[in-house]
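For reference, the chain that follows is the form predicted on its own, supplied as structure tokens.
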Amino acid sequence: MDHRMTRTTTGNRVRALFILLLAASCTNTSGPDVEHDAEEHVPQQRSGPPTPLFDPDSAYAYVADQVAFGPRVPGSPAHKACGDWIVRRLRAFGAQVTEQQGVVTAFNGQKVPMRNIIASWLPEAKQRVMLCAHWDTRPFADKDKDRPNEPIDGANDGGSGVGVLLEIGRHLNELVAPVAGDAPGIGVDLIFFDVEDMGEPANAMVGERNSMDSWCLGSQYWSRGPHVPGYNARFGILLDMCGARDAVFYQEAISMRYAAGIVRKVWRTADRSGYGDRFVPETKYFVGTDDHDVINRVLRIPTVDIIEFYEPTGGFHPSWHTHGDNITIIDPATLKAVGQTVMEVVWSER
């Protein structure tokens, strides 16, 4: 652009810009169903390192490592061992790790130990991005005809999101490393929520309790009392059931209601990154509740859910809450599409 404009041309352009801005301010584009849509943040340009390549084999190995512990049902030895392993991994990646431990009440009145794990890079930074997933697994296979009372492996529902986050975490020191003469960097938090998947079974008879409130107990706990008082972030991205072979991700309806601008940011980034066939810019109403719903409603941090929509079922993958949710359905190519997209989004915030 040639900046050597005449005074008359400059005045005309200023008046035209004022008229355009006035017209835009009088137009409501959010729609009646959007409660607090977030505009796409324009990142500050920094001369930091380029976005690293997401290693799908590494992410797959992290999923397999979780499954090898056995079902990660809260209160079980496998759950404790896996949680300890996650903490060790995060600390090895240079994160400051905070744990929230408490007791929550399940749909049937059972008292359940809860352990949220929060890993922070550049914890002193005021500007932050939050990535999250749940790391517990379903204590029963209530969608399976065989062994419905036994816990599941949770390779996809639980394991896949954690695997992607751990692979991203492996690179986060590169993002927050100081650059000479640069502005302060953005902080990143990876949050691993517990007791997400102990919600009321569809055929349960437990009185009048709202079954939706029986899910996402770890994120409910964290949202009521974050690890940092007054915690806030520019936006959040939740990963759930994001590792199955040939998975396709539509724009989930709760995400569109609360954080449509961030949804558009993520899906456009996926398209630019070569994953437009995986991230379809069409809204689907299929998630009743998830951790992002709690975060949006309670903390009002615009948070989106990257979660597979499976066309033949009109909802979740057929392995959902069955013993079919095992390592055989996990595909490194799907983990790559999700992980690289999320990394591109986060690195663009520098």
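The first residue of the shown sequence is 1; numbering continues from there. Remember, predicted model here, so these are calculated numbers, not experimental data.
Separately, the form predicted together with a small molecule exists; it is not shown, and the next lines address it.
Using a 4.5 Å cut-off to the small molecule in the predicted bound form, each of 215, 240 and 320 places a heavy atom inside that distance. Though the small molecule is absent from this view, in the predicted bound form it lies within 4.5 Å of a heavy atom of just one residue from 281, 288, 314, 49, which is 288. Contact with the small molecule in the predicted bound form, judged as any non-hydrogen atom within 4.5 angstroms, is confined among 161-169, 71-79, 266-274, 240-248 to 240-248. Although the partner is absent here, residue 194 is not a contact residue: none of its heavy atoms lies within 4.5 angstroms of the small molecule in the predicted bound form.
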